[in-house]
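Given next, in structure tokens, is a single chain: the form predicted alone.
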């Protein structure tokens, strides 16, 4: 307890360490909250679902907060569902069936036009296909016919831009532009105000009911925007945090502890044991680390757990073993070690209770500063197309952005958001690790 309070007191002398510690604690809290709020199976379902899950969202649009920095406000996504707002739907008897009247109000206060307009019809208790008639009313009261058709399935989609008859009535203009534009304006100017989409549905059975979901696909969405599969990048960016921290911490912890233990065993026992460890280390140091991981991901498995295991195995016999061995060789000659041997302490007891504790103060900073390198390693493999195909990760988001030409198309948010999170994570752990090194390493105190 005294050593902990002393460490915290020493850390308080480094403002950068306090800031980095706050960032690390915040990332850990967010990671735990994300895993609880979006369980693993749900995260995988959302990320792999693509347009089947995210059909309500527009494709490749920037975050909504970018509107604060624009002179012309881009439209946001508007969703109106009669299942959520039943007050906009009314019923009237009509022969053997009934007439369903739906009036969808659309508050439009944007300077640009939406990306797309779409309707989903959900029909229940179908005996004969209901008939639909739709009209569009502008803020000045003028209305125009949209379409008339029968509902042939229980879930039917109607996209305004894919209706050739509507495009013909609008004289070849895109519906999402013509329906919101000032008549005769060149170039088209969006009219702000309240629009109404009026839908009349005639059923031929009293038990038949129809619900409507109206989607105005905007040109901005949410806090993080969307990708080419309409996925909200929030899921990938938030779930990428626990994945990155878990991979970095597990790899750094496993490598540091195992390397320290192996170095202690070699230094204590000496002889052929130490020679074998040193030869394995020297051979491993000349092996190409990244190409081996690429071969494993290409020919065996891209699972993050397989990559993690191979990373630890290749990193154990690294340069750190030689550094730890040099320290252990000095500690082995100290008087208290001779006293322990004289009292009959076993080799295992000396290694675990007398050698290793002496090096732990030097191990902690190395462990913390090693986390960013493994976080960047996982992201680099994902960018190369060798990331886990199931998990949403920061590297996978960058790889998707690169594959779909995000930078060439001006979708900078798609690359900058995960890159910024990688940079903050690496910087926080690096600064905190350097501060711990100054505290625990006597040679660096006072620098």
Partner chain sequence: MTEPSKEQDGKKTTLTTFNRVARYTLVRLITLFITVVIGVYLTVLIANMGGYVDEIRRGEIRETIQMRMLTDPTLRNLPADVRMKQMEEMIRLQEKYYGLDQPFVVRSVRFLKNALTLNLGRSLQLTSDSGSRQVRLILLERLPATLLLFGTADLVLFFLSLYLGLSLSRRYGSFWDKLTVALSPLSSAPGWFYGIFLIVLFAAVLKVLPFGGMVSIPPPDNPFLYALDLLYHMILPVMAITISSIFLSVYGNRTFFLIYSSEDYVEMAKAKGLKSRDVERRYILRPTLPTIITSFALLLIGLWTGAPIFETVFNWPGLGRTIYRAVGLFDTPVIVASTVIFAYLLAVTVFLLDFIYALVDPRVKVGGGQERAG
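The model shown is predicted, which means the values in this text are computed figures rather than measured ones. Positions refer to the first chain, counted from 1.
The next section is about a form of this same protein that is not shown, the form predicted in complex with the partner chain.
Trainee: Would you kindly say which of 302, 325, 234, 196 lies with a heavy atom within 4.5 Å of the partner chain in the model of the complex?
Mentor: Only one listed residue qualifies here, and that residue is 325.
Trainee: Select from the listed residues 38, 27, 64, 383 the one whose heavy atoms reach within 4.5 Å of the partner chain in the model of the complex.
Mentor: Here the answer is residue option 383.
Trainee: Is residue 408 near the partner chain? Define near as a heavy atom within 4.5 Å, in the model of the complex.
Mentor: Heavy-atom contact with the partner chain at 4.5 Å: present for residue 408.
Trainee: Would residue 288 show up as a contact with the partner chain in the model of the complex if we use heavy atoms at 4.5 Å?
Mentor: Heavy-atom contact with the partner chain at 4.5 Å: present for residue 288.
Trainee: Is there a non-hydrogen atom of residue 282 within 4.5 angstroms of a non-hydrogen atom of the partner chain in the model of the complex?
Mentor: Result yes; residue 282 sits at the interface with the partner chain in the model of the complex.
Trainee: Does residue 53 reach the partner chain in the model of the complex, with heavy atoms at most 4.5 Å apart?
Mentor: Output for residue 53 is no: heavy atoms all beyond 4.5 Å of the partner chain.
Trainee: With the partner left out here, if you bring back the partner chain in the model of the complex, are 292, 422 and 431 all within 4.5 Å of it by some heavy atom?
Mentor: All of them do, each having a heavy atom within 4.5 Å of the partner.
Trainee: Where does the partner chain sit in the model of the complex: which of 409 to 417, 53 to 61, 27 to 35, 40 to 48, heavy atoms within 4.5 Å?
Mentor: Careful reading of the contacts points to 409 to 417.
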